[in-house]
Structure formats: C-alpha cells, structure tokens
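Shown next are two forms of a single protein chain, provided one at a time as structure tokens under the names structure 1 and structure 2.
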Structure 1
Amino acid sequence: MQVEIINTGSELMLGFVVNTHQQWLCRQLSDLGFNIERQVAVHDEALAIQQAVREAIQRAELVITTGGLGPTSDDITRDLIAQLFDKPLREDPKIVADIEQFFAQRSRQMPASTRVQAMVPEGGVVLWNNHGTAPGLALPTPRGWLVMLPGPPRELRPMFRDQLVPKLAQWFSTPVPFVCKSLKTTGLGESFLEERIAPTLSGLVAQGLGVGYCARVGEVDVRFTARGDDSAQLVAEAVGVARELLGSHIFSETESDLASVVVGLLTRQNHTVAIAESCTGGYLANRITNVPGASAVFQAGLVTYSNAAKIEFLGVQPSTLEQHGAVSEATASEMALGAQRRTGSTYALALTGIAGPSGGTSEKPVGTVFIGFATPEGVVVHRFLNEYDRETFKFYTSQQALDILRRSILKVAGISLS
C-alpha cells in the first residue's frame, strides 16, 4: 500500500512558513505501518493542486492533502478537489451549527464567510474539527481514499489522531508490521559512524534491515527499520550491535536532545552545574533551561562577554587576560573555577572563543574555542576549532560543552566510555 502527501500553501513555497506537516505526518503514518511513497508541496493555484491530486490518486491508495479548507479566498482545495471528482458541494447543516457554536462559545460574531467551510462534496466523509472551524473531508478514490486535512497544526494533529486514525483502520487492512528505532549519537562524523557499524550489520541488512543516517550539527542519528513479522527482532539485534560498537557516543535512544539527557543525568546523580559564557552569549544556559526540571540542577548562567565582566563576576585575573588574552586556556580555566566557586556547583563549564567572522589570528583563527570544565577534582580545558557561521558556532560549541559534562557524569557513575 502506498501513501502520498500533498501540502498546499503558497506560504510554504515562498519560504515564509516551515512545512512541519511533512515530518509530522510521515512519522505518524510510518509508526502505523503505512509506507509513504511521495510528498510534495504546491502553491495555492488551481492547476498545481488539481494536477498533484490527479496524479497522486492514480498511484496511491491513500492520498492526504493539507491546507486550503479555511474561509479565505486562497482556501481553494475543497472546491478544486470537488471539481476534479465531479462532485457537487452541498452545505452540511451540522457543520454550520458546529461553526456557530464555536463562535458563540467565544462570544464572537460569526463572519458570513466561514459558512463556506460547511460545504461538503457529495459522498464525502466529514472529519470533525474540535479545535477550529474547518472540518476535514474524505472522498473514496478508485484505489482507496483521498483525505483533506486543515492547515493549522493545532487543528490537523488532533484531527489526524482522533478522527482519521480510526477510519484508516476501517478502510484498510492491517499494514505489515513496521518497526523503526533511532539512536542519537555525538562525537563521531557520519562516515566514521557508518564505518564502525556497517560491516557488523551487513548480515542483518541481508535479512531486510534498513539502516539510515541523518547528520545534524554536532550529532548523527542512526536509524534502523524493518518490515514483516520478524521486524522487531531485526531492529533489536541492530540496536544491540550499535550499543556495543558505539558505546557512549550514543546519548539518547528516544527523542531527547543532549541538553535533556544532561539535565536527567545531573538530576539522578544529585549534582549541579553553573555556566560561564563569553562567545556563546548565553546559548548554552538557554538550552539547559529549556529543559523542564532544570531548576533542580542549574545554579547560574553568567554571560561575561567583556574582560571587565570576567574580572568582576568570575574573578579572572587581569594579568591572565593581559598575558594570554580572553580566548585562551588560562582564561577558560579561571572562568570555570570562578563560576564553580561563586555558585557552589558540582560542575562548571566556561566557554570562550572567536565566533567571527573577524578577530582571528594565525595562532588563534576564527572558530577557536576553549571550554573550561571544573569538577570536584580540578579543572581541565579543551580546545576546539569550530569554523562555522555565528549561529552554528554557538550551537556546536554548546554541544561540545554538554558532551564534556555528560561524559564526566557517566565516568563518575562508573559507566564505561568508548
């Protein structure tokens, strides 16, 4: 069985809005065992929408469109698909009542234009919208079903889960069992990671295991997939191989990001951390405090961008700055120790570097970073060269700092590193 997704909206094609539907819907459908063959995005134009739908229903048993069901002039998906299917549109009084109630509950007058959302193609199935005014619609096709979902994610997602998923179970036979497992790793490049695990996994691949890699800034996801009755066993064996060969390079086997993992480790070990930042300007502290429960382990974040701030708030010696400079091993060391001592935290991380695009020298080129790490046993400093644009530089440097902290906690907890 094949599935195709068509996202409509000129705002998507102009780059004003990020198309989150493609990722979310593909993940939901894949978890249900459906095979997504194709996804496209098209402008809010009659020819583009009708052509995309016409081609998709000839190939796929399930076609899902998103957007174009609202009350404004550019919401034309409903009308165009009704024309394509040669189905007259008729107003559904139950939908009209539902829309009227929506506005009444909010003490707002109902605009006359919203009644267009109650128009249903003849023979269409209504998917009720409990979070907005535009219902979803479904029409049978020669191969299966065409489903129209509204554009806003806060409406589309609950409608998919609550309204569409039960109908998919009615319309289609149980899909072939499908298992997908992703492992998040850091500290290894994509090609190095593949070289480490691919030879050992070759036997499982021959049995039907799918292996994929997704490289991001500072991390690589390795993904294992399998279909069929033995899919769970295949994926479980692959995960076991990866754990053995990648060791502590794996930081998560769920959707958790590195900051969430670190906060969890600190919480379980009853440890705390403080941050002293210069070149990252508070980026690392922001990532940590984005994690629910971070207040239990995060003591303080000091953005000491100037030399004067480093001296006043962290106790960095003026002579250190004069002799070695703000971007140096000595300064990073004193920054970390100062943050640790002034907050009483178990650990402290200090980040100082040259984000660029100017300010580098032959000895310390743009991208040079020193990360000081203070522990109860003392302080160590790591030097890196992160040659990226400023925003990527900040993320990558914060990723390195988090991994330094993560590995130290694991080591203290007696978990072997590789």
Structure 2
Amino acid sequence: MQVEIINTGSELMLGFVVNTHQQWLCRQLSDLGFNIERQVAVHDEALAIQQAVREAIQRAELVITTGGLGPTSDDITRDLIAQLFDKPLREDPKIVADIEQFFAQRSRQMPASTRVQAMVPEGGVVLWNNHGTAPGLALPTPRGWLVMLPGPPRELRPMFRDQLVPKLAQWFSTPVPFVCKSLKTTGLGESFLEERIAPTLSGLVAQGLGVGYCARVGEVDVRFTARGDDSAQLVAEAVGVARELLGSHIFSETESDLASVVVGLLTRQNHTVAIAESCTGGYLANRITNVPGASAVFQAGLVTYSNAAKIEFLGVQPSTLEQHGAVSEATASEMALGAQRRTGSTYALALTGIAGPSGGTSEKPVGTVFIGFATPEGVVVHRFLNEYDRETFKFYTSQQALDILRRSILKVAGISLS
C-alpha cells in the first residue's frame, strides 16, 4: 500500500518556511506501519495542485494534502480539489456554528472571510478542527482516500491524531508488520561507525534488514528497518550487534535528544546541574529546560556574556580575566566552580569560547571553546576547536558539554564506557 503527501504553499516554494509537515506526518504514518513513497510540494497554483493530486491518486491508496484550507485568498486547495473531483461545494451549517463559537469563546469578532471554511464537497467526510477554524476534509478516490489537512501545525497535528488515525484504521486493513528502530550516537563519524558494525550485520542484511545512516553535526543516527513477520526479531538482533560494538557511543535508543538523556540520568541519580554560559548564550540552558521535568535537576543558568556579569554572578576574579582573558582555561574553571558554589548543585558546566564570525586571534582562533566541568571531586577543563557557523557552533558546543556530563554520570554509576 502506497502513501503520498502533497504540501501546498508558495511560501514553501519561495523558501520562506521549512516544511515541518513532511517530517511530522512521515514519522506518524511510519509508526502506524504505512510506507510513504513520495512527498511533493507545489505552489498555491491551480494547475500545479491539480496535476500533483491527479498523479498521486493514480499511484497511491492514501494521499494527504496539507495547507490551502484557510480563510485568505491564496487558500485554494479545497476549491481546486472539489473541481478536480467534480463535486459541488455546499456550506455545512454545523461548521458555520463551530467557527462562530470559536470566535465567541475568544471574545473576538468573526471575520466574514472565515465562512468559506464551512464549504464541503459533496460526499466529503469532515475532520473537525478543535484548535482553529478550518476543518479537514476527506474524499474517496478510485484507489482509496484523499485527505486534506489544514496548514497550521497546531491544527493539523491534533486533527491527524484524534480524527484521522481512527478513520485510517476503518478505511485500510492492517498493513504488513513493519519495525523501525533508530539509535542515536555521538563521538564517531559516519564512515567509522559503518566500518565498525557493517561486517557483523551483513548476515542480517541478507535476511532483509535495512540499515541507514543519518549524519548530523555532533551525532549520527543508525537506523534499522524490516518488514514482514520476522521484522521484530531481525531488528532486535541488529540492535544487539550495535550495542555490543558501539557501547556508550549510543546515547539513546528512543530517539531522545541528548539533553533528555542527561536530565533522565540526573533525575535517577538525584543530582543537579547548573550552567554558566558565555559563547552559547543560553542555548544549553534552553535545551535542558525543553525537557519536561527539568526543574527537578536544573537550578539555574547564568548567561554571563560580559566580563562584568562573570564577576557579578559567578565570582570570577577580575585578575583572571585580565591575565588570561574571558576565553581561557582559567576563566572556564572559575565559571564552573562559581556556578556550582552559588547554586549548590552537584555538577556545573561552564562554556566560554569564540562563536564568531569575528573575535578570533592566531592563538585562539574563531571556534575555540573551553568547557569547564565541576563535580564534587573538583574541576576539569576541556579545550575544543568548533569551526562552524554561529548556530551550529552553539549546538555542537552544547552537545560536547552534555556528553561530558553524560559520560561522567555513567562512570560514577559504574557503567563501562567505550
């Protein structure tokens, strides 16, 4: 069974926004066992939308479109698809009432243009929108169903989960068993990682295991997939091989971000961490506080951008800053110890470096970073050279700091490292 996704929106084709729908829908549908064969994005233009839909419904049992159901004049998907299917549009009084209620609840006036969202093509199934005014719509096709979802993610996502998923179960028989597992690793490049595991996995690959690699800055995902009755067994064996050969380079088997993993470890050990950031400017504190429940292990983050702030909030000695500079082993060490002392936390991480694009010297070029790590036993400082653009630099540096903390906790807990 084939699934295709069509994302409509000139803002996509002009590159003004990132298409987050593709990733999200593919993830959800894959987990339900559906195979997404193709995703297409086109302009908000009649010909382009109709051609993409016409092609997709000939190939795929399930076609999902996103966007173009809103109230403004460039929202044309509903009309174009009704036209393509030769189905007249009729106003649905229940949807009109729904939209009126949406505005009444928010004590806001209802713009006249929103009424167009109550139009439903003949034979269409309505997917109610509990987070906005544009309902989704589904129409039968010769091979299966075409589903139109609204563009805003906070409307599309609950609609998909709460309303479309139960309908998919009615419309389509259970797909062939499909198992997909992704392991997140850090500290090994993509080629080295494959060299380490591929020879041992070759027997499983011959039995139908799929192996994929996805390299990003600071981490590589290893992905195992299999289809059919033996799929769970095949993937489990591959995971066993990877665990054996990659050891603690694997930081997550559940697609968790490294920050979630670290918050989880701290929570289990009943330990806390404080963060002192200069070059990463709050990025690491933000990653940690993105994790629900972080408040139990995270006391405070001090984003001390200026020297004055390093002195005022972390007790760094003015003489240290004068003699060694803000980007130095000595400053990183004092920042970490200051954050630990003033918050009373078990651990503290301090990050000071030159994010660029300017500010480098021959001795300390752009990308130079010192990460100070204070534990109950003392403080150590690591030096790195992270030559990336500003935002990648922040991610990569925060990743290194989190991994220093992760490996330290594992070591204290007596878990062997590789």
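Residue positions are counted from 1 along structure 1's sequence. By rigid core we mean the largest C-alpha set that fits within 1.5 Å across both forms. Predicted, not measured: the structure shown is a model, and the values here were computed from it.
Two forms of the same chain are shown on their own. Structure 2 is the form predicted together with a further copy of the same chain.
Relative to the superposed core, S408 shifts its CA atom by 2 Å or more between structure 1 and structure 2.
For V366, the Cα coordinates differ by 2 angstroms or more between structure 1 and structure 2 after the core has been superposed. The two forms, fitted on the rigid core, differ between structure 1 and structure 2 by less than 2 Å at the CA of T133. When the rigid core is fitted, V262 shows a C-alpha shift of 3.2 Å between structure 1 and structure 2.
The two forms line up on their rigid core, and V379 then has its Cα shifted by 6.2 Å between structure 1 and structure 2. In the core-superposed comparison between structure 1 and structure 2, the CA atom of Q317 travels 9.6 Å.
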